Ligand SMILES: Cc1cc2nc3c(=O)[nH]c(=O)nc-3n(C[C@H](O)[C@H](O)[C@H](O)COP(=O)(O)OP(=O)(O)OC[C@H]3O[C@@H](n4cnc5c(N)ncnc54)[C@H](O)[C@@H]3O)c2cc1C
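In structure tokens, one chain follows: the form predicted on its own.
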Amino acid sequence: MIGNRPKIVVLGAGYAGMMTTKRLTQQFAPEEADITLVNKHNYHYQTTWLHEVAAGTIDVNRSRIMISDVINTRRVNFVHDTVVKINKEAKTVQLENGEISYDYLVIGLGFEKATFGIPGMEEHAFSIQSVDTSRMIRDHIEYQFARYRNQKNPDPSMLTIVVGGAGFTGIEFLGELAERIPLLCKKYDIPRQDVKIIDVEAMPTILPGFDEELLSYAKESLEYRGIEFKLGTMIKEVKADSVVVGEDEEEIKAGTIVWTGGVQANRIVGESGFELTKGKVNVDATLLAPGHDEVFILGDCAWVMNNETGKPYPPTAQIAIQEADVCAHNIKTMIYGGTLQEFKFDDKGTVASLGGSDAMGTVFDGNKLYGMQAKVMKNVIDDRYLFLLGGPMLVLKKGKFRPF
């Protein structure tokens, strides 16, 4: 690094990390700060599109964006490496292939699946965590269809897909499966009724936090297209070819088991000595880690309190993007002086895709949208992020409304 310019290091190229890096390049002139972005891949991926990759309804590359296409690598030192540990006292980050020091650190290392100690979940269930894990799910489901088609006396459970969890990711994945499975049935000449898709959710409802009318709409839409729900039913154990559910320990044989029931901060955060509460770090209103005035924690690694409800905000992409603005502002404030900004979530609404042209949600102070209207709004939300990240060219290249 040159001279005494402050060294700002961003760990992770998810929504929070990418937008923070983008905002830092706007906040600082090149001679004012050294900005480094560290990521284990040379691409950023749309986490909120991974359920589509997992179901096979969009191509893998559609969800990926090369970091060098949207981040000016003449302004930002991009380090393509994997974080091993954060040494808070020494203000260094240990990587697989070296070490870097920092004056200000932004941790946006994303999530890992939280198994809640359910036996066999880690070993036998797929999860929608990354491009690679999502691609594995897509390939595995199609492989089960191919096996079923080519065996003389196939086991019917090969074509049973069990999805654990009915939160946002689980419901959107079910919606994509509802679209994809009929196409696979046609491709392999298999009757649709031979395929079972079962969602198991411990809560008595899907999508906790949504309006009752919206929930009813979503559930009926999915059930109409062949999705079965077991609500208020806990998964007790996951085996190689089945799940054990409910108080009566019913065993459901399945060829594919996908867990969407919970996430926690990347384990490096806890292993580096940050105190975790339910798998994440409780940051203060300025997004700083407790006891560390130079470490910001964002996105899926952090809990940010909503003072009105006394509960943390759910770690969504929308919140991560807004956290980036506050984080970049506060780093500049720390360097040049001024008042740190507190995070206040500007809720622009939430829309859940239900597959194909169907969706439901709320926008603009609770206005409810259903069906095609909601789907259009969902695409607008997705394209808005692409525009913020890479401008109109990225929207044309990757967006949901691209004309080719």
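Numbering starts at 1 and runs along the sequence shown. These figures come from a predicted structure and were not determined experimentally.
The next section is about a form of this same protein that is not shown, the form predicted in complex with the ligand.
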property	result
Non-hydrogen atom within 4.5 Å of the ligand in the predicted complex for each of T82, F168 and G299	yes
The ligand: the contacting residue among Q318, T286, S272, S157 in the predicted complex [heavy atom, 4.5 Å]	Q318
One residue of G175, G164, G110, G255 in contact with the ligand, assessed in the predicted complex (non-hydrogen atom, 4.5 angstroms)	G110
4.5 Å heavy atom contact, K40 and the ligand in the predicted complex	yes
I128, heavy atom within 4.5 angstroms of the ligand in the predicted complex	yes
In the predicted complex, V9 touching the ligand (heavy atom, 4.5 Å)	no
The ligand contact at N266 in the predicted complex, heavy atom, 4.5 Å	yes
Region of this chain that lies against the ligand in the predicted complex, out of 331-339, 41-49, 23-31, 356-364 [heavy atom, 4.5 Å]	41-49
